[in-house]
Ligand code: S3P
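Let's start with one chain on its own, the form predicted on its own, as C-alpha coordinates.
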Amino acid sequence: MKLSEEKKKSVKLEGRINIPGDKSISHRSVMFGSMATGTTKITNFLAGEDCLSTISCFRELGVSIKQEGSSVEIQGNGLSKLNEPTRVLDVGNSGTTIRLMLGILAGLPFHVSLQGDDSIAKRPMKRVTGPLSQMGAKIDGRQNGTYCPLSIRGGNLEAMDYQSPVASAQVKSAILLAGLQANGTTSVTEPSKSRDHTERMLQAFGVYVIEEGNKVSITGGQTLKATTIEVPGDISSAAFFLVAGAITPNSRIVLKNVGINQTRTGIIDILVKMGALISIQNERVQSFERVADLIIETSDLKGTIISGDVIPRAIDEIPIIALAATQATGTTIIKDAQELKVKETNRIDTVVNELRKLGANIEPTDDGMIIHGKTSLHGGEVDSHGDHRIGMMLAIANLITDSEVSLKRKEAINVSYPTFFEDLQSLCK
(Lines give C-alpha, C1' and ligand atoms only; values in the text may rest on other atoms or scores of the structure.)
Protein backbone atom coordinates (compact mmCIF):
# COMPACT_ATOMS: atom_id res chain seq x y z
CA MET A 1 0.00 0.00 0.00
CA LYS A 2 1.42 3.32 -1.07
CA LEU A 3 -1.07 6.10 -1.67
CA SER A 4 1.28 8.44 -3.47
CA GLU A 5 4.86 9.62 -3.67
CA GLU A 6 3.83 13.16 -2.81
CA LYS A 7 3.48 14.73 0.61
CA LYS A 8 0.18 13.67 2.11
CA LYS A 9 -2.82 15.92 2.45
CA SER A 10 -4.72 15.89 5.72
CA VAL A 11 -7.61 13.41 5.76
CA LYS A 12 -10.76 12.99 7.76
CA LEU A 13 -12.97 9.92 7.98
CA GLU A 14 -16.72 10.25 7.50
CA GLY A 15 -19.53 7.90 6.57
CA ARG A 16 -20.86 4.46 7.36
CA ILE A 17 -19.73 0.96 6.50
CA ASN A 18 -20.95 -2.58 7.02
CA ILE A 19 -18.27 -4.59 8.78
CA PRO A 20 -17.73 -8.08 7.24
CA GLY A 21 -18.99 -11.13 9.10
CA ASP A 22 -17.35 -12.24 12.32
CA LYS A 23 -14.50 -14.64 11.59
CA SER A 24 -14.95 -16.74 14.73
CA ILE A 25 -18.69 -17.14 14.16
CA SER A 26 -18.25 -17.85 10.43
CA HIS A 27 -15.83 -20.70 11.22
CA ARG A 28 -18.18 -22.23 13.75
CA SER A 29 -21.28 -21.89 11.59
CA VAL A 30 -19.64 -24.01 8.89
CA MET A 31 -18.27 -26.56 11.36
CA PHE A 32 -21.51 -27.01 13.27
CA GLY A 33 -23.63 -27.01 10.12
CA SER A 34 -21.40 -29.80 8.80
CA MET A 35 -21.90 -31.76 12.04
CA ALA A 36 -25.68 -31.24 12.08
CA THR A 37 -28.49 -33.09 10.35
CA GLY A 38 -30.43 -31.07 7.78
CA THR A 39 -29.83 -27.90 5.78
CA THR A 40 -28.02 -25.03 7.49
CA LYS A 41 -28.16 -21.60 5.86
CA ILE A 42 -25.63 -18.89 6.72
CA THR A 43 -25.82 -15.23 5.76
CA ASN A 44 -23.12 -12.53 6.09
CA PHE A 45 -20.49 -15.28 6.11
CA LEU A 46 -16.93 -13.96 6.03
CA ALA A 47 -15.50 -15.13 2.71
CA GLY A 48 -11.93 -14.52 3.89
CA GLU A 49 -9.11 -16.99 3.34
CA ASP A 50 -9.26 -18.49 6.86
CA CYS A 51 -12.97 -19.30 6.70
CA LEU A 52 -12.65 -20.64 3.16
CA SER A 53 -10.04 -23.05 4.53
CA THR A 54 -12.67 -24.37 6.94
CA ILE A 55 -15.11 -24.93 4.07
CA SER A 56 -12.41 -26.72 2.08
CA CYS A 57 -11.60 -29.07 4.96
CA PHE A 58 -15.22 -30.09 5.49
CA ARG A 59 -15.70 -30.68 1.79
CA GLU A 60 -12.77 -33.10 2.04
CA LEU A 61 -14.73 -34.85 4.81
CA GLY A 62 -17.61 -35.39 2.38
CA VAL A 63 -19.92 -32.50 3.29
CA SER A 64 -21.89 -30.76 0.53
CA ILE A 65 -21.32 -27.01 0.93
CA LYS A 66 -22.45 -24.32 -1.50
CA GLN A 67 -20.85 -20.90 -1.03
CA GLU A 68 -21.57 -17.79 -3.07
CA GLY A 69 -20.00 -14.70 -1.57
CA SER A 70 -21.42 -14.21 1.90
CA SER A 71 -24.15 -16.87 1.54
CA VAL A 72 -23.50 -20.50 2.48
CA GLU A 73 -25.75 -23.57 2.39
CA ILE A 74 -24.68 -26.82 4.04
CA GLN A 75 -26.32 -30.22 3.61
CA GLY A 76 -25.41 -31.96 6.86
CA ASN A 77 -25.86 -35.66 7.57
CA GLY A 78 -24.60 -35.68 11.14
CA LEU A 79 -21.22 -36.32 12.73
CA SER A 80 -21.33 -40.07 12.10
CA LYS A 81 -21.60 -39.50 8.33
CA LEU A 82 -18.35 -37.54 8.00
CA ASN A 83 -15.94 -39.51 5.81
CA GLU A 84 -12.26 -40.30 6.10
CA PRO A 85 -10.55 -37.88 3.69
CA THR A 86 -8.33 -39.16 0.91
CA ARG A 87 -5.96 -36.19 1.19
CA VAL A 88 -4.18 -34.20 3.89
CA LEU A 89 -6.41 -31.42 5.24
CA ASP A 90 -4.80 -28.02 4.63
CA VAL A 91 -5.93 -25.33 7.11
CA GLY A 92 -3.89 -22.56 5.47
CA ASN A 93 -3.22 -19.79 8.00
CA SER A 94 -6.15 -20.64 10.27
CA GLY A 95 -5.45 -21.56 13.89
CA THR A 96 -9.19 -21.73 14.60
CA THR A 97 -9.71 -24.26 11.82
CA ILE A 98 -7.04 -26.68 12.95
CA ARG A 99 -7.65 -26.48 16.71
CA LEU A 100 -11.43 -26.81 16.57
CA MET A 101 -11.23 -29.52 13.90
CA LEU A 102 -8.94 -31.53 16.15
CA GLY A 103 -11.75 -31.56 18.72
CA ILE A 104 -14.24 -32.78 16.12
CA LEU A 105 -11.87 -35.38 14.64
CA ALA A 106 -10.95 -36.68 18.10
CA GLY A 107 -14.24 -38.58 18.27
CA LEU A 108 -14.30 -39.97 14.72
CA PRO A 109 -13.00 -43.51 14.10
CA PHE A 110 -10.68 -42.83 11.19
CA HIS A 111 -7.30 -41.31 10.35
CA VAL A 112 -6.72 -37.71 9.29
CA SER A 113 -3.54 -35.71 8.66
CA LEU A 114 -3.54 -31.92 8.95
CA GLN A 115 -1.13 -29.24 7.86
CA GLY A 116 -1.02 -25.48 7.35
CA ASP A 117 1.26 -22.69 6.19
CA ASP A 118 4.60 -21.68 7.72
CA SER A 119 2.87 -19.65 10.44
CA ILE A 120 0.69 -22.59 11.52
CA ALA A 121 3.78 -24.81 11.63
CA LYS A 122 5.17 -22.53 14.38
CA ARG A 123 2.04 -22.25 16.50
CA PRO A 124 1.73 -24.46 19.62
CA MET A 125 -0.80 -27.30 19.33
CA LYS A 126 0.04 -29.18 22.53
CA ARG A 127 -2.46 -27.04 24.45
CA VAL A 128 -5.13 -28.85 22.38
CA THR A 129 -3.53 -32.19 21.49
CA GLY A 130 -2.56 -32.78 25.14
CA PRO A 131 -6.08 -32.84 26.65
CA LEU A 132 -7.55 -34.55 23.57
CA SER A 133 -4.98 -37.34 23.96
CA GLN A 134 -5.99 -37.65 27.61
CA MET A 135 -9.58 -38.19 26.43
CA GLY A 136 -8.44 -41.08 24.23
CA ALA A 137 -7.59 -39.64 20.80
CA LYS A 138 -4.35 -40.86 19.20
CA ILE A 139 -2.45 -37.81 17.98
CA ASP A 140 1.08 -37.49 16.68
CA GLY A 141 3.13 -34.74 15.09
CA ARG A 142 6.39 -32.88 15.39
CA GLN A 143 7.76 -32.87 18.94
CA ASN A 144 5.14 -35.37 20.13
CA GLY A 145 2.16 -33.48 18.78
CA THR A 146 3.35 -29.99 19.70
CA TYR A 147 3.61 -28.71 16.12
CA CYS A 148 2.15 -29.39 12.67
CA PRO A 149 1.86 -31.41 10.60
CA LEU A 150 -0.38 -33.52 12.82
CA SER A 151 -1.93 -36.96 12.47
CA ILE A 152 -5.03 -38.01 14.41
CA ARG A 153 -7.04 -41.20 14.79
CA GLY A 154 -10.10 -40.65 16.93
CA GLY A 155 -12.86 -42.57 18.65
CA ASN A 156 -13.75 -44.06 22.06
CA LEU A 157 -13.39 -40.86 24.03
CA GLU A 158 -13.87 -40.53 27.78
CA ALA A 159 -15.18 -37.35 29.36
CA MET A 160 -12.84 -35.18 31.40
CA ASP A 161 -12.89 -32.22 33.78
CA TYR A 162 -10.18 -29.97 32.34
CA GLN A 163 -8.57 -27.08 34.20
CA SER A 164 -7.18 -24.93 31.39
CA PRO A 165 -3.98 -23.02 32.20
CA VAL A 166 -4.92 -20.34 29.64
CA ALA A 167 -8.10 -18.49 28.75
CA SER A 168 -8.41 -19.68 25.16
CA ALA A 169 -11.63 -20.10 23.21
CA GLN A 170 -9.85 -22.44 20.80
CA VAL A 171 -8.72 -24.77 23.58
CA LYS A 172 -12.12 -24.67 25.29
CA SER A 173 -13.98 -25.26 22.02
CA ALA A 174 -11.81 -28.21 20.95
CA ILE A 175 -12.40 -29.99 24.25
CA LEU A 176 -16.15 -29.29 24.24
CA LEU A 177 -16.48 -30.57 20.66
CA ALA A 178 -14.65 -33.74 21.67
CA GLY A 179 -16.88 -33.90 24.75
CA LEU A 180 -19.94 -34.05 22.49
CA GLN A 181 -18.65 -37.44 21.38
CA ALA A 182 -17.37 -38.72 24.74
CA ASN A 183 -18.91 -40.98 27.38
CA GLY A 184 -20.14 -38.79 30.24
CA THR A 185 -19.99 -35.05 30.92
CA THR A 186 -16.95 -33.01 29.89
CA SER A 187 -16.17 -29.65 31.48
CA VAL A 188 -13.59 -26.92 30.90
CA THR A 189 -12.68 -24.35 33.55
CA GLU A 190 -10.64 -21.30 32.52
CA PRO A 191 -8.68 -18.79 34.63
CA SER A 192 -10.90 -16.10 33.07
CA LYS A 193 -13.74 -16.34 30.60
CA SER A 194 -12.71 -16.49 26.93
CA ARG A 195 -15.04 -15.69 24.02
CA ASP A 196 -18.15 -17.86 24.18
CA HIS A 197 -19.27 -18.17 20.55
CA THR A 198 -19.03 -21.98 20.68
CA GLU A 199 -21.37 -22.22 23.68
CA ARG A 200 -23.89 -19.85 22.12
CA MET A 201 -23.87 -21.47 18.70
CA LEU A 202 -24.11 -25.01 20.05
CA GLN A 203 -27.33 -23.90 21.74
CA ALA A 204 -28.54 -22.48 18.42
CA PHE A 205 -28.00 -25.97 16.96
CA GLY A 206 -30.02 -27.56 19.79
CA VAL A 207 -27.24 -28.70 22.13
CA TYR A 208 -27.66 -28.33 25.91
CA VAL A 209 -24.68 -26.51 27.46
CA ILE A 210 -24.19 -25.70 31.15
CA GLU A 211 -22.32 -22.51 32.04
CA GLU A 212 -21.23 -21.74 35.61
CA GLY A 213 -18.91 -18.74 35.83
CA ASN A 214 -15.68 -19.70 34.03
CA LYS A 215 -16.74 -23.38 33.78
CA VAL A 216 -18.57 -24.84 30.78
CA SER A 217 -19.92 -28.41 30.66
CA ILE A 218 -21.39 -30.57 27.92
CA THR A 219 -22.77 -34.13 27.94
CA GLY A 220 -21.78 -36.55 25.22
CA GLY A 221 -24.20 -38.16 22.79
CA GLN A 222 -26.15 -35.03 21.85
CA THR A 223 -26.87 -34.33 18.19
CA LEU A 224 -26.91 -31.06 16.29
CA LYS A 225 -29.95 -29.97 14.29
CA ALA A 226 -29.59 -27.64 11.29
CA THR A 227 -30.55 -24.00 11.70
CA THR A 228 -30.18 -20.58 10.11
CA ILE A 229 -27.30 -18.33 11.17
CA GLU A 230 -26.99 -14.61 10.47
CA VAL A 231 -23.37 -13.72 11.20
CA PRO A 232 -22.86 -10.33 12.88
CA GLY A 233 -20.10 -7.95 11.81
CA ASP A 234 -16.72 -8.79 13.36
CA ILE A 235 -15.84 -6.50 16.26
CA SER A 236 -12.16 -7.39 15.77
CA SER A 237 -12.38 -5.90 12.27
CA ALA A 238 -14.47 -2.97 13.51
CA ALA A 239 -11.71 -2.22 16.04
CA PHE A 240 -9.46 -0.80 13.31
CA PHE A 241 -12.09 1.73 12.32
CA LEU A 242 -12.94 2.55 15.94
CA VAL A 243 -9.31 3.55 16.47
CA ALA A 244 -9.09 5.23 13.07
CA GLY A 245 -12.09 7.40 13.88
CA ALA A 246 -10.74 8.26 17.33
CA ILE A 247 -7.25 9.35 16.21
CA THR A 248 -7.99 10.99 12.84
CA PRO A 249 -9.00 14.69 13.11
CA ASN A 250 -12.57 15.82 12.33
CA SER A 251 -13.88 12.27 11.89
CA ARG A 252 -17.17 10.50 12.53
CA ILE A 253 -17.82 6.90 11.46
CA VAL A 254 -20.89 4.67 11.78
CA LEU A 255 -20.17 0.93 11.87
CA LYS A 256 -23.30 -1.08 11.13
CA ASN A 257 -24.40 -4.46 12.55
CA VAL A 258 -21.36 -5.19 14.73
CA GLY A 259 -21.36 -8.10 17.19
CA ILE A 260 -21.09 -6.86 20.79
CA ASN A 261 -20.78 -10.19 22.61
CA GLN A 262 -19.55 -9.25 26.09
CA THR A 263 -16.59 -11.65 25.79
CA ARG A 264 -15.38 -9.60 22.81
CA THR A 265 -16.06 -5.99 23.83
CA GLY A 266 -12.77 -5.37 25.61
CA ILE A 267 -11.81 -3.01 22.76
CA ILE A 268 -14.82 -0.79 23.52
CA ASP A 269 -14.14 -0.81 27.28
CA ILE A 270 -10.47 0.06 26.75
CA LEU A 271 -11.12 2.88 24.29
CA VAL A 272 -13.84 4.38 26.49
CA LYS A 273 -11.43 4.22 29.45
CA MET A 274 -8.93 6.12 27.28
CA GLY A 275 -11.54 8.78 26.55
CA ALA A 276 -12.89 7.67 23.16
CA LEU A 277 -16.26 9.08 22.09
CA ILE A 278 -18.10 5.85 21.27
CA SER A 279 -21.87 5.41 21.25
CA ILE A 280 -23.82 2.15 20.87
CA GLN A 281 -27.19 2.24 19.10
CA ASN A 282 -29.86 -0.16 17.81
CA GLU A 283 -28.93 -3.03 20.14
CA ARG A 284 -30.62 -6.36 19.37
CA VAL A 285 -30.11 -10.15 19.43
CA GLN A 286 -29.71 -12.33 16.34
CA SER A 287 -28.69 -16.00 16.27
CA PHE A 288 -27.93 -15.95 20.04
CA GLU A 289 -25.50 -13.00 19.59
CA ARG A 290 -25.87 -9.33 20.56
CA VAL A 291 -25.52 -6.87 17.67
CA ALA A 292 -25.49 -3.06 17.48
CA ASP A 293 -24.38 -0.05 15.43
CA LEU A 294 -21.23 1.68 16.74
CA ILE A 295 -20.48 5.38 16.26
CA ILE A 296 -16.97 6.77 16.82
CA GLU A 297 -15.83 10.39 16.70
CA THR A 298 -12.44 12.06 16.94
CA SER A 299 -11.36 11.83 20.57
CA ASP A 300 -8.81 13.18 23.03
CA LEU A 301 -7.23 9.95 24.27
CA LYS A 302 -5.40 9.44 27.55
CA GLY A 303 -2.88 6.76 28.47
CA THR A 304 -4.01 3.92 30.72
CA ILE A 305 -3.11 0.50 32.14
CA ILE A 306 -4.55 -2.48 30.28
CA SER A 307 -4.34 -5.77 32.18
CA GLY A 308 -6.20 -8.62 33.85
CA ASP A 309 -9.55 -9.96 32.73
CA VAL A 310 -9.95 -7.45 29.89
CA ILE A 311 -6.99 -8.98 28.02
CA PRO A 312 -8.75 -12.18 26.84
CA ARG A 313 -11.66 -9.96 25.75
CA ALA A 314 -9.35 -7.83 23.60
CA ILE A 315 -6.39 -10.05 22.73
CA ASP A 316 -6.79 -9.73 18.95
CA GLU A 317 -7.18 -5.97 19.21
CA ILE A 318 -3.92 -5.27 21.07
CA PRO A 319 -2.02 -4.24 17.89
CA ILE A 320 -4.51 -1.49 17.03
CA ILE A 321 -4.80 -0.49 20.71
CA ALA A 322 -1.02 0.03 20.67
CA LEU A 323 -1.40 2.44 17.75
CA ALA A 324 -4.14 4.30 19.63
CA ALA A 325 -1.79 4.58 22.62
CA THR A 326 0.83 6.37 20.50
CA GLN A 327 -1.76 9.15 20.05
CA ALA A 328 -2.82 9.26 23.72
CA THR A 329 -1.47 11.75 26.24
CA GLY A 330 0.71 9.97 28.80
CA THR A 331 1.90 6.39 29.11
CA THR A 332 -0.07 3.24 28.29
CA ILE A 333 1.01 -0.07 29.83
CA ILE A 334 -0.25 -3.36 28.39
CA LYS A 335 0.45 -6.45 30.51
CA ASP A 336 -0.80 -10.00 31.15
CA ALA A 337 -0.80 -10.46 27.36
CA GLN A 338 1.71 -13.32 26.95
CA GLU A 339 -0.77 -14.93 24.54
CA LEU A 340 0.32 -12.37 21.94
CA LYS A 341 3.52 -14.37 21.48
CA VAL A 342 1.70 -17.36 19.93
CA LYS A 343 -0.51 -15.60 17.39
CA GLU A 344 0.20 -15.43 13.63
CA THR A 345 3.40 -13.67 14.67
CA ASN A 346 4.89 -12.82 18.04
CA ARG A 347 2.69 -9.75 18.19
CA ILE A 348 4.60 -8.15 21.04
CA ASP A 349 7.82 -7.99 19.06
CA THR A 350 6.15 -7.32 15.71
CA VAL A 351 3.99 -4.43 16.95
CA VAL A 352 6.94 -2.81 18.75
CA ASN A 353 9.36 -3.18 15.85
CA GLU A 354 6.97 -1.96 13.15
CA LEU A 355 5.64 1.03 15.10
CA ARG A 356 9.19 2.06 15.97
CA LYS A 357 9.86 2.34 12.23
CA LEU A 358 7.20 5.08 12.17
CA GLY A 359 8.63 6.94 15.16
CA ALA A 360 6.61 5.47 18.02
CA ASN A 361 8.10 5.57 21.53
CA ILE A 362 7.30 1.97 22.45
CA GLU A 363 9.12 -0.83 24.25
CA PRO A 364 8.40 -4.53 24.69
CA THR A 365 7.99 -6.36 28.00
CA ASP A 366 7.72 -10.07 28.78
CA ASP A 367 3.93 -9.90 28.82
CA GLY A 368 3.06 -6.84 26.77
CA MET A 369 4.44 -3.40 25.98
CA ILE A 370 4.81 0.17 27.20
CA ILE A 371 3.81 3.03 24.91
CA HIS A 372 4.70 6.66 25.60
CA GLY A 373 2.50 9.29 23.94
CA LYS A 374 1.53 11.53 22.40
CA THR A 375 3.87 10.97 19.47
CA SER A 376 3.90 12.42 15.96
CA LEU A 377 4.42 9.52 13.56
CA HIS A 378 6.29 9.72 10.26
CA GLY A 379 6.12 7.61 7.13
CA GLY A 380 8.35 4.70 6.23
CA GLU A 381 8.46 1.14 4.94
CA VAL A 382 6.77 -1.41 7.18
CA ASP A 383 5.87 -5.11 6.92
CA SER A 384 2.78 -7.08 7.97
CA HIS A 385 4.99 -10.19 8.40
CA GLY A 386 2.04 -12.12 6.96
CA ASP A 387 -0.15 -11.17 9.94
CA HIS A 388 -3.51 -9.67 8.92
CA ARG A 389 -4.00 -7.66 12.12
CA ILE A 390 -0.51 -6.15 11.93
CA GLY A 391 -1.20 -5.21 8.30
CA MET A 392 -4.46 -3.43 9.11
CA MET A 393 -2.92 -1.62 12.08
CA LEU A 394 -0.12 -0.26 9.89
CA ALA A 395 -2.60 0.79 7.20
CA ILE A 396 -4.53 2.79 9.81
CA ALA A 397 -1.25 4.37 10.97
CA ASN A 398 -0.86 5.76 7.45
CA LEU A 399 -3.83 8.06 8.14
CA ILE A 400 -1.91 10.10 10.72
CA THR A 401 1.72 10.00 9.54
CA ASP A 402 3.33 13.10 8.04
CA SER A 403 4.36 11.19 4.90
CA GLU A 404 3.36 7.95 3.22
CA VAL A 405 3.59 4.49 4.78
CA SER A 406 4.62 1.73 2.36
CA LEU A 407 3.20 -1.61 3.49
CA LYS A 408 4.82 -4.88 2.45
CA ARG A 409 2.76 -8.09 2.30
CA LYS A 410 -0.55 -6.26 2.47
CA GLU A 411 -2.25 -9.35 0.99
CA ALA A 412 -2.23 -10.89 4.49
CA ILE A 413 -5.25 -8.69 5.27
CA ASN A 414 -7.39 -10.93 3.01
CA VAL A 415 -7.37 -13.53 5.77
CA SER A 416 -10.06 -11.67 7.72
CA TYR A 417 -11.05 -8.52 5.78
CA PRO A 418 -10.89 -8.83 1.97
CA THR A 419 -12.60 -5.46 1.42
CA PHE A 420 -10.57 -3.53 4.01
CA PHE A 421 -8.92 -1.05 1.63
CA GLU A 422 -12.16 -0.39 -0.27
CA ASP A 423 -14.00 0.35 2.99
CA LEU A 424 -11.16 2.56 4.23
CA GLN A 425 -11.07 4.53 0.97
CA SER A 426 -14.84 5.03 1.06
CA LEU A 427 -14.49 6.86 4.40
CA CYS A 428 -11.60 9.13 3.41
CA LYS A 429 -12.82 12.68 2.70
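The first residue of the shown sequence is 1; numbering continues from there. Computed from a predicted structure; not experimentally measured.
Below, we turn to the form predicted together with the ligand, even though it does not appear here.
- By the criterion of a heavy atom within 4.5 Å, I270 is excluded from the residues contacting the ligand in the predicted bound form.
- Not displayed here, the ligand is kept clear of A276 by more than 4.5 Å at the level of heavy atoms in the predicted bound form.
- Shown alone here, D316 lies within 4.5 Å of the ligand in the predicted bound form, counting heavy atoms only.
- The ligand is not shown here, but in the predicted bound form it comes within 4.5 Å of a heavy atom of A169.
- With the partner omitted here, the stretch from 160-168, 246-254, 215-223, 353-361 that lies within 4.5 Å of the ligand by heavy atoms in the predicted bound form is 160-168.
- Only one of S299, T96, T332, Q181 comes within 4.5 Å of the ligand in the predicted bound form through a heavy atom, and that residue is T96.
- Of all the residues from 20-51, those having a non-hydrogen atom no more than 4.5 Å from the ligand in the predicted bound form are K23, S24, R28.
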